[in-house]
Ligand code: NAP
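Have a look below at one chain only, the form predicted on its own, in structure tokens format.
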């Protein structure tokens, strides 16, 4: 048997920018590889369907959903659709997050409000609307993707992003303590430097000439900061999510798994 046979997972942010491989997409695929049935939710149905196509090509089962995670009615309807389609949800994997540069003095009000609006509601609303189902069944797993940037300054001014990621850690700990009596586990994953389409897109946005970006040189520069000597991949994050969703983690709640190649213990 696979580790997640018989489980249904709702994965938010399950698509990926530009058809690439982000944390949410990789996690949806890995959960499916371990036997879970997947409700893949993304802002656009095309991105969600792309992930479902990969899962189906590997003989998995997946259902695509489109919703804005900051819109309560849309999230409620998406969860209802997943329950109608599969009859249950066992795992909620919250992956959605956005990033803007800026320090304490130059972050705009608009960027501050946007990151708080998206990054915090992205964990709050799906959790809020799935909890009645989990409580009724007295079981459920919620995993929220935060960041090591929620714990410490990493040398680049992302103060609004870092603040929201720190808040997600606190939210998840509180959620775990509150819902343990209902058989519900909640944990956070804290990725470090991960090569994702969003990370590459930010590099391009901050570049004067995208054509002149030396991706190999940037990779070497980042790798030099990492004790394990390489930048992480979305599959590293996905493997941590599989573990937390599995029965192997049945006694783990209210904590964080850091997936950063050792950066946190060296800075």
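Residue numbers count along the first chain shown, from 1. Note that the structure is predicted; figures quoted are calculated from it, not measured.
The same protein also exists as the form predicted together with this ligand; that form is not shown, yet it is the one meant from here on.
**Q** For this ligand, considered in the model of the complex: do all three of 39, 126 and 140 come within 4.5 Å of it, counting heavy atoms only?
**A** No, none of the three is in contact.
**Q** Considering 69, 32, 52, 241, which brings a non-hydrogen atom within 4.5 Å of this ligand in the model of the complex?
**A** If I apply the 4.5 Å criterion carefully, the residue I get is 69.
**Q** Using a 4.5 Å heavy atom cut-off, which stretch among 77-85, 142-150, 129-137, 180-188 contacts this ligand in the model of the complex?
**A** Contact-bearing stretch, as computed: 142-150.
**Q** Spell out, yes or no, whether the shortest heavy atom distance between residue 157 and this ligand in the model of the complex is within 4.5 Å.
**A** The answer is no: residue 157 has no heavy atom within 4.5 Å of this ligand.
**Q** Does this ligand come within 4.5 Å of any heavy atom of residue 252 in the model of the complex?
**A** No, residue 252 stays farther than 4.5 Å from this ligand in the model of the complex.
**Q** I'd like to know if residue 16 sits close to this ligand in the model of the complex, meaning any non-hydrogen atom pair within 4.5 angstroms.
**A** Residue 16: yes, in contact with this ligand in the model of the complex.
**Q** Although the partner isn't part of this model, could you tell me whether residue 196 comes within 4.5 Å of this ligand in the model of the complex, counting any heavy atom of the residue?
**A** Yes, residue 196 lies within 4.5 Å of this ligand in the model of the complex.
**Q** Pull the contact list for 85-100: residues with a heavy atom within 4.5 Å of this ligand in the model of the complex, in sequence order.
**A** 95, 96, 97, 98 sit within 4.5 Å of the partner.
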